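What follows is one chain in structure tokens, specifically the form predicted on its own.
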């Protein structure tokens, strides 16, 4: 098993990243900070003859990395009751990958497992459920199973460490992932 974490936070070392570190403590993995990558919004050409025009940004590099791993952790704070903008731009561009003749994106994604790590400050265990559902439907579209999720409650930096439930769930997921065979790619 190889794990890739897609970090959707705009804040360095924020609560979402801290929760991810707890989940992955002692587990080899690769991490991509989407905020440090230039991923442009989609120019929708799904129904254009010839498909999408090439885009000069970092999306191709990120998606190639995604395709090399079999377990994906989507880590995002709750921004206005949904995923962060950088995470949304990244996922929106999957439409481009679905038409990309270099690979069979949908088949490749169906071979992966997804987990979601979410942190929000405004009653997130209730208000982040539409976010989880949104990602579940997205993953269903490419036949990638959502294996689980953790929703943490925090707002100010470091507050996630006070959320005993999220910490306990992170420890449980860490143990589950450690029981699987894993390797590091790249």
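Note that the structure is predicted; figures quoted are calculated from it, not measured. Residue numbers count along the first chain shown, from 1.
Missing here is the form predicted in complex with a further copy of the same chain; even so, the following discussion is about that form.
The shortest heavy atom separation between residue 36 and a further copy of the same chain in the model of the complex exceeds 4.5 Å. A residue is said to contact a partner when one of its heavy atoms sits within 4.5 Å of a partner heavy atom; residue 83 meets this definition for a further copy of the same chain in the model of the complex. Of the heavy atoms in residue 130, some are within 4.5 Å of a further copy of the same chain in the model of the complex.
Looking at residue 136, you'd find a heavy atom of it within 4.5 angstroms of a further copy of the same chain in the model of the complex. Candidate site formed by 44, 91 and 141: every one of these residues places a non-hydrogen atom within 4.5 angstroms of a further copy of the same chain in the model of the complex. Contacts with a further copy of the same chain in the model of the complex, taken as any heavy atom within 4.5 Å, map within 136 to 162 to 136, 137, 138, 141, 142, 146, 149, 150, 155, 156, 157.
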